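You are given structure tokens for the same protein chain in two forms, set apart as structure 1 and structure 2.
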Structure 1
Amino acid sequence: MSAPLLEEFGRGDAREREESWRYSKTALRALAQQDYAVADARAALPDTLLEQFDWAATRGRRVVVVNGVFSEAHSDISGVGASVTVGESAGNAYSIRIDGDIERPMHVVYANVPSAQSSRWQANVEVTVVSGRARVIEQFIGAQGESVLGSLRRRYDLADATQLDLVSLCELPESVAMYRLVEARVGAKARLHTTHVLLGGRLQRLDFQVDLAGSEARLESRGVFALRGRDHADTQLDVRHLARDTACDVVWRGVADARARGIFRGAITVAQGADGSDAKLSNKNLLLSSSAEIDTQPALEIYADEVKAAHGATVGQIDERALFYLRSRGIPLAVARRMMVTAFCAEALAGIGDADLRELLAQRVQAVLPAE
């Protein structure tokens, strides 16, 4: 029943797809049972969505995509400078080319706006970093209403000795589902630093594949999912060390409350010849309710010599001793629980240089728990 969506969403052959969707099969099937119209690209953005992304700090450096289509009206790239070129081709396909340092981040917003009936959109985006150091903030948002299914494929191509810092915040209402495929290629001595935050959503699936293609290429992947209600988020990270002396450092944290469902699979492959590689993966998860569920699966495959590799994954509950300690000093239970969740996720957000942005993300993450 879910065959059409399964074919569309994911990588590899049929068996690999089937396997990678094993924890989200039911959620995907439910999506597949709906009929979808093509999402309206000219839909007006409700004020609630405008407020979510209209940050003073990124005015003039913002690209807004509404239901998969570049929005002339909401985008403003007057301040990005000569080093950034935004291109558009037919079929909801876009390219962003970065050639030279950009001091202040580009802000790319993907808005899901519901129609009168269930609708879906698809888009392809290619980001090429030709030279220098770039910063990009991606934001996925959505308005509550009839269901919307968004599907976005992106390629990040980092030329040798370039650097990209990507912060990706995906915060969806329960009527929106998103599939995201991110394929990144990191050249020699290039560095990709990513921080993904996944909040809400009927189903959000992130397939993130990174090829460390040139020697001394480096990936730092940070991520947090914080889920409540019946949220469902599934992240499948694949890192492939394809060249000598490449390094990856993966730190992901997951939190699930109520009846939420979180999945994290972190697979690292060190290919033959990628000698001297260094792979680290840490995934820790926190269950806040007995009805929540988190599945974590670290996987390491090593075909090279002189490789350093370490991985660890845990699923646990909030430390009741610590909670009592905080309360015994006068901190109300709800605040103490939020403090614990924030602390738990802090390591995964620590790498964000911009303190305001880091604080914003920490606040969004702790909002998974009610304030009182």
Structure 2
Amino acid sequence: MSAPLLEEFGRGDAREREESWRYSKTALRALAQQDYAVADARAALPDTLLEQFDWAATRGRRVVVVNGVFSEAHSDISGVGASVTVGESAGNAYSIRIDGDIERPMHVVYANVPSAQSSRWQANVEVTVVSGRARVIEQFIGAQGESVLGSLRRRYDLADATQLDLVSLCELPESVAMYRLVEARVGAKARLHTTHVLLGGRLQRLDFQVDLAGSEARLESRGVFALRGRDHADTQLDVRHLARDTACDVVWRGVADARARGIFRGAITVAQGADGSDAKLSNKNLLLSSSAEIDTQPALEIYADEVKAAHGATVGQIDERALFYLRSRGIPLAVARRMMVTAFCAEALAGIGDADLRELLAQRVQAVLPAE
């Protein structure tokens, strides 16, 4: 089971990919011991799943993929206009081409629907932004039942002077495990803004790999994982500055309760010749239980001159002094703790310009936080 995950996905040689798995200590043994059938791409979507993504604000601009296969029955792209083209090739491979500004976001949904036995699916998606500014919302959902393992590889290619705002919500039940590889190439003077929210799941692994390939390319990456029970989320971020005057600003937050485990590794490389680059990375984490665990590792490699770079990471508990201040103002303990954790996570969502979407994501995060 581990071999396909390592060999079919990732960048660099097998040794490098295996090293990232070794550091994270994300155990694949339990998955490897399980027999998986091919997931049913014609599976009916339960009403509980339909309710999760049937947002009035994105009707007419929605692509739905069920167990790795494009679902025409649940998709609706009647409102996207001529600037967006959705294509399908042989196998579970799809392409989205954006040529021109999109005022309202595309909504891409990946639904995990269980079968009578454990099942697995795999898909590849290519998104090309040829011109203008695009907004994409990705949503990963699943129904409780027999185990489902999803493997998804996505590539984003931003042409020069384009912009992509990507918001990704991965909210899974404990019966679903998912591996996601996101590869992005950002051209000269192009802008990539991303916000990732990771909630639930038996196991989530996100490999986010970005090449700032053109001069003055920019990346702004925001993310948060909120875990409880025995949830496991593993995030591997790899940003490479390959051209002059490129910049990245990375802010991620993590929260773990009960016996959950979170991993964050943020690697930034400034290649030779990428003079004038500006790289910033901040990762802060909260442990809400003595049995929870969060491992964080910032990594910075610089091979160029005249570079500005800063990184930092922390793992701690709720500030007792701030908690005491709130309680001294008459706020009950449970309410005060929840307020502080909510505010801590909200920092990662602050950059989302759509207020309704920002509030929806905040509500999703709050729903998994402990009530006491």
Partner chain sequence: MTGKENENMLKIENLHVRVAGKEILKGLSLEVKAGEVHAIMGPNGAGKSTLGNVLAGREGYEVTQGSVVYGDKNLLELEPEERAAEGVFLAFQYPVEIPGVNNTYFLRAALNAQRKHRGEAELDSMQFLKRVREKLAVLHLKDELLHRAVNEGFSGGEKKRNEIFQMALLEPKLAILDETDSGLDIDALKMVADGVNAMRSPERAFLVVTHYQRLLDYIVPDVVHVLADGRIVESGDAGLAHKLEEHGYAWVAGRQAPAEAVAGGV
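Here, a residue number simply tells you its place in the sequence of structure 1, counted from 1. Whichever C-alpha set is largest while still superposing within 1.5 Å between the two forms counts as the rigid core. Because the structure is a prediction, the values reported are computed rather than measured.
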Form predicted in complex with the partner chain - which displayed structure it is: 1
Did Y325 shift 2 Å or more between structures 1 and 2, C-alpha, core superposed: yes
